[in-house]
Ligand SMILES: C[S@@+](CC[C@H](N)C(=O)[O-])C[C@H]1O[C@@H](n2cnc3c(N)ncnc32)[C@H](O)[C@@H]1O
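Heads up, the chain below is alone and in the form predicted on its own; it's given as structure tokens.
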């Protein structure tokens, strides 16, 4: 029975550095010597594609190297479930996560990499009053717990990034860069991100987005008039506009003309001559190469065909994407040449939208303020919230009624409100994942006095995440009055915390006591649900994955994803119960007819000794269950 400890990869978020090295080793095995990269060989293999010029175009600032390293550092935290703060916990597919969004994004990597179709964020504009804090490179979770008052001691910086700071822009860039870098890993190949910003940081945001997402993947910079009224007090120009930077994860996926945008109707059926009668409808064939994207490589398909891009062209897809497309029957061989199937049903027909957004389509900020007042019954509880019409308009960019939508600067919860309303209108099943830092609301700030009074009257803590959750609850209640609605109006609340597993931190002066204390390496204030959801995160399961529960031998057993994962995290499994529990698990596995490998996980301290654990492992092994682990 393999024990999962705080030091194991299973107890941490994805290790991007290790993943990158492994991917590089698969592409260029000859560039590795004893597990280390030989950059001389790698440069020779890449030829003219390498750039050794010291001075080159780009944006640099103090702390950029640390910000990049911070994005690649795994998180050791977890997300603890809070059913009591949720709405329709058992059935909903939506998430509201309270915590530092950088740590949360890292924790979501194993479960949601390449799963998110659309990201919309409205980050701090760096006006001089925005909330910022210094990320802790060594232990982001501990720093977060200190900042939020969950641990004693001084935490990172908490306050405003004033324009009097000598590193005013630097502080903002160091905050944004690692978050955008991690977020990119969550997007699907056909995913889109839209970021709101004003002119203060527009140029800097564009440069770091060009670097992280690729200038070739930038679709447009959209201009939006944010305010209806004109300020006569303005000294120079009336600054009543803000902007949205729109990028694709892989613009080449959209083709030369991105057909998936909001468009006026056009008939393109004649351009899709193929139809296999498999329910997907007509499709056309596109080449697998593009003018510029992935570094050239050779790919072998399952039928033995070896493909590489023509001279002067580049692969339009990553190697693992080609493998997935072939597995999903999205590759056709035309006279021996592999091509990608582009289905008409997956294409939004028409002409692209304008880069200047019409207020009639997306609304002004005053509309967002009015919507928030109507939902909460209180005015001026959040400054300049975006109108739901803007988010609903942007959702059309994804052109996917089943899209997973991420907003990791959730603010007042506009994105969640917009998705619930849009699903109610068009019958969509979009899912949202919102992340919001529990930013304290200063009771002495007169501008936030209304927010403090509202949260006090609602019996909630005085922080911004509570405001987000309360808006979602009240929106759900108001929309739930619609007749015969089947829209998902619930959400599951999770909160960022340190791992449920205690790391080995011995007291050198009292080693014997340290060993005794570590016999059960699960923290004493954690329950079965805490352990269960950390297990889902660290093993790469969706936090809303279907779960069945059954009592076997008096213990609760969870079956995840049709029986691919079975867990029993009871505090005690005594000798006579082992046989009954093991055989009950096997019988349930057989009943579910799980065809693939099955993983079974127990609480390590539940067994009296190693003999008991061995007996459980042996009984399960006799019936074909080989992967047995413990926490």
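Remember, it's a predicted structure, so these values are computed and weren't measured experimentally. Residue numbers count along the first chain shown, from 1.
This protein has a second form, the form predicted together with the named molecule, left out of what is shown; the following refers to that one.
Stretch-level contact analysis of 338-346, 449-457, 380-388, 303-311 against the named molecule in the predicted complex, using heavy atoms and a 4.5 Å limit, identifies 380-388. Residue contact check for residue 413: one or more of its heavy atoms lie within 4.5 Å of the named molecule in the predicted complex. Taking the partner from the other structure, the named molecule in the predicted complex has no heavy atom within 4.5 Å of any heavy atom of residue 533.
At a distance threshold of 4.5 angstroms between non-hydrogen atoms, residue 124 is in contact with the named molecule in the predicted complex. Taking the partner from the other structure, the named molecule in the predicted complex has a heavy atom within 4.5 Å of a heavy atom of residue 439.
Note on contacts: among 464, 560, 522, 357, the single residue with a heavy atom within 4.5 Å of the named molecule in the predicted complex is 464. Checking 555, 495, 179, 473 for any heavy atom within 4.5 Å of the named molecule in the predicted complex turns up a single hit: 179.
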